[in-house]
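Okay, here we've got a single chain as C-alpha cells, the form predicted on its own, with questions on binding and movement later.
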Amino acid sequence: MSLLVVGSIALDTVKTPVEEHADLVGGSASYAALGASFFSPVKLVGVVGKDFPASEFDFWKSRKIDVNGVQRVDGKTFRWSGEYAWDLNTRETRSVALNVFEHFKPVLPAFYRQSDFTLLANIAPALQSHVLDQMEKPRFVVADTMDLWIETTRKDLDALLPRVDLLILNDSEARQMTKETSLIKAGRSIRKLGPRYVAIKKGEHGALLFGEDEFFSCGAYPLEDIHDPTGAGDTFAGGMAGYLAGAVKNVQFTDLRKAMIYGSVLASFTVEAFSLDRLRKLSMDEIKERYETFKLMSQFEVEI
C-alpha cells in the first residue's frame, strides 16, 4: 500500500554555530516523504515555484515518490531561514517568505483519494481537514502539528483531531496544548480530544506513545556529531507513517511501537548532514543495522 503525504515544500537557509547553507531543499513534506519512501511508495502533494530545482522531481521519482500532486506555479517557492544556538536545540527563525505557499489549497488527483494511509504533515489544520474531505475512506490518518497552529488556529485543530488516528507533536507543544506540565498527563489529555493515539517527541530524549490503556517510551539514538536538526521531526513522522503503510494492514499498538523506533532511527540519520543530504545516501541496510542497535539499547523485543 502507498502513503499519501501532504505538507510544505521549501527552500531553506540554515545557520549553525559552525556552518551556514542556503537554498537547501526543505519543508515538512520533503522530509516526511523521503523518510517514508524507505518503507512504502509515496504520493506527494505540495506546491513549489519556478525557482525550485527540477532535479528534485527526478530524485523523487527515483525513490518511488509519485509527484503528480506537486504543483509548480508562477512565483517563488516557500522560503525559511533559521539559526541554531550552540546546543542545536534552540532555534530562532530569521525570516519566512510564504510565496506560492501562501495561497496553497491542496487538490488531490483522483487516484490519490483512495489512499489507505495518510500523513498530514505540518501545515494549517484547515488545510489538513481539506485534504481529508477529499479522501474516500483512509484506513489510518497521521497528523503532525506545531505551536503556531495551537496558538492561532486552535478551533480548526480541535475540529481535526477526532478525524485523526495518530497525532504527533513535540513536548513543548503538548504542554502548550493542554496546560499540563506532566507529559504523561498531557498525552492522555490530548487523546481525550479525539485521536486514537498520540506520539510526543522529546528531541534528544526520545519519544512517548499513548494509546487507550497503553504506553510506550523510547529513547533517542545516541549521536556524537549533529550537523543540522532541521526536519528531524518531519522525518520521524514520515518514518512512522511509511513503515505502517508498507508493513501493516490493521494498525495495533505493537505496530506503532515498532514504527516509532523506525521513525527515531530515520530522524537520527537526518541530523547527520544538512537538508536531505544524509537521507539521499542512506541505505536500507544502514537503517536495519541501526534499528537492531536501537532495539538492543532499549530492550525492544518486537521481531522485524
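None of these values were measured; they are calculated from a predicted model. For every residue, the number given is its place in the sequence shown, counted from 1.
Omitted here: the form predicted together with a small molecule. The next part is about that form.
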Problem set entry | Candidate site 37, 242 and 262: all three near the small molecule in the model of the complex by heavy atom within 4.5 Å | no
For this session: Classify residue 146 as contacting or not contacting the small molecule in the model of the complex by the rule of any non-hydrogen atom within 4.5 angstroms, answering yes or no.
Result: yes
Exercise. Does at least one non-hydrogen atom of residue 233 fall within 4.5 angstroms of the small molecule in the model of the complex?
Worked result: yes
Exercise. Going by a heavy atom distance of 4.5 Å, is residue 140 a contact of the small molecule in the model of the complex?
Worked result: no
Exercise. Is the gap between residue 195 and the small molecule in the model of the complex 4.5 Å or less for some heavy atom pair?
Worked result: no
Problem set entry | Residue stretch of 104 to 112, 208 to 216, 159 to 167, 223 to 231 approaching the small molecule in the model of the complex, non-hydrogen atom distance within 4.5 Å | 223 to 231
Problem set entry | Partner-contacting position among 154, 76, 91, 185 - heavy atom within 4.5 Å of the small molecule in the model of the complex | 91
